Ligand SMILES: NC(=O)c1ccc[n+]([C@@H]2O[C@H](COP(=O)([O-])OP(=O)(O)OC[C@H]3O[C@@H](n4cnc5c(N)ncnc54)[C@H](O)[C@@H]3O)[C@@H](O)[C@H]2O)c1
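Given as C-alpha cells, the chain that follows is alone and in the form predicted alone.
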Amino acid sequence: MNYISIAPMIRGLCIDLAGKPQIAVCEPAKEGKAPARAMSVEIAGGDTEETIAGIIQKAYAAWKTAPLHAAPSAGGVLIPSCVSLTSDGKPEALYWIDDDLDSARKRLAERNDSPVTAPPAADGRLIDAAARASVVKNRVALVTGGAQGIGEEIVRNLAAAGALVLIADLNLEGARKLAEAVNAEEKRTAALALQVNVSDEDSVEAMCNAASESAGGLDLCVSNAGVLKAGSVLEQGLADFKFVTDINYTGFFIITKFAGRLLKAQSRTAPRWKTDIIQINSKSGLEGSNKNGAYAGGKFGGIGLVASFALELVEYNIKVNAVCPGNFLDGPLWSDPEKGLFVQYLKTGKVPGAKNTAEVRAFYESKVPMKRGCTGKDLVRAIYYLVEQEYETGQAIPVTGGQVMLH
C-alpha cells in the first residue's frame, strides 16, 4: 500500500477520536527528521490493510503518552495534528490534520505539529439540534457530474452548508471555474476540481486517489453523473443504448467500487463513523419511461445495485441509498433549446399531439400533484436526510412532488 491509500486510515483515527470530520493533507516525505510532536507510524511493505489499521491504533496509544505532550484537560482527547509514515525504514509521508482544509494546509505551511485536545465523542440518545443544523459541515463530499446542471446545484448547496466538495467531472475546465466561484462565495477553500470519466476504471481510481491525497478520504460520495438519449426500442441504435447504460449503470458500479474501497479503509480506524454513497437516480427508475428505455433500464438497474451494495458495505458502516427525483424542468437537461428533453420528446413524439416545447412542458407539469418540476433544493434536502439518518440503507427515496408515491 502507498501513502495515499493509507491516508483514509490516518484520517479515520482522527475522526474516531474527535467524533467529527477531519481533513488530512498528504505530503510526500522530505529529507530530515519528522516533526518532534508527530505521531510515528512504521509499516512494512507486505502489511495488509487490516494490519496497518492495527499498527496505526497502537502507534496512537504510544504517542498519546509521550512526555512531549501536555496532559489533556479532564475528559479531553488528544488528537495528533501531524502523523509521520515510515515504510520498511524509509520515510514515506507526513499527514497534516485539522478540522478543515485551510487549517490543515496552514499547519503544513507552518510545520505546526502541536496536538489538539478535543472533548470526547459522545453517544447520546437525544438528537443534537446543533448537529442537525450542520449535518455536512467539514465533511468531504465528492460529486460526480458536478460542474453543471443539477450537479452544480448539489455542489453549491453542500459548500454553503460547510462541506469540502470535490467537483468531479469530465469537463475539468468547467469544474475548475465552478470551484473558483464557490471558493470566492464561501470565502474559504470549499471546493476542489477533479477530472473523471465515470465509465473508465483507471479514471475513477485516479479520482479517488486524488481525494485521498488532497483531503485524506471521503464522507459522502454523490454519484450524480448521468446522460440521457431518448428513443424508441424499435429505432434506437445500440451505440446510443450502450452510451447511456455505460454512464448511468456501469458508471455507478465503478464509482462504488473505488469510493467503497476508500471508505472501507477509513472504517478500519473509524469504526463508529458512518459514511454515505448516494446515487442520484430518477423517478424513471421507479416506474419506467416511454420511449426512454435505455435511461429507465439503467436507473432500474441502479436501484438493484444500491440495494445489493448496501447489504455488502454495511459491514464497513457505509450506507448506500438512492434519491429518485422528479423532472428538473428548469435545468439544462430539459430546457436546452437544442439538446434538451423538451426538444427531444417533441421530435420523438413522446407527447402525443404536442406541437411545441411549451406544450411538452405543460404535459409534464400536469402529471405532478404539486404542479411544478423538482429543484436542486428539493434534492439536496433528501441528501441531507440520508446523511443524517444513521438507521437507513438500501433505500430509493422519491422526491417527485407526489408524482410517484411509496407503495
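All values derive from a computational prediction rather than experimental measurement. Residue numbers run from 1 along the displayed sequence.
The discussion below concerns the form predicted together with this ligand, not included here.
Partner contact region in the model of the complex: 329 to 337, out of 176 to 184, 329 to 337, 257 to 265, 309 to 317, criterion any non-hydrogen atom within 4.5 Å of this ligand.
No member of the trio 25, 162 and 189 reaches this ligand in the model of the complex with any non-hydrogen atom inside 4.5 Å. The partner is absent here, but in the model of the complex a heavy atom of 170, alone among 135, 303, 93, 170, sits within 4.5 Å of this ligand. A single residue from the set 193, 277, 141, 196 has any heavy atom within 4.5 angstroms of this ligand in the model of the complex; that residue is 196. The closest non-hydrogen atom of residue 227 lies within 4.5 Å of this ligand in the model of the complex. For the chain shown alone, residue 149 is a contact residue for this ligand in the model of the complex, at least one non-hydrogen atom being within 4.5 angstroms.
Proximity of residue 295 to this ligand in the model of the complex falls within the 4.5 Å heavy atom cutoff. The shortest heavy atom separation between residue 81 and this ligand in the model of the complex exceeds 4.5 Å. Of the residues in 275 to 302, those that come within 4.5 Å of this ligand in the model of the complex through at least one heavy atom are, in sequence order, 280, 281, 282, 295, 299.
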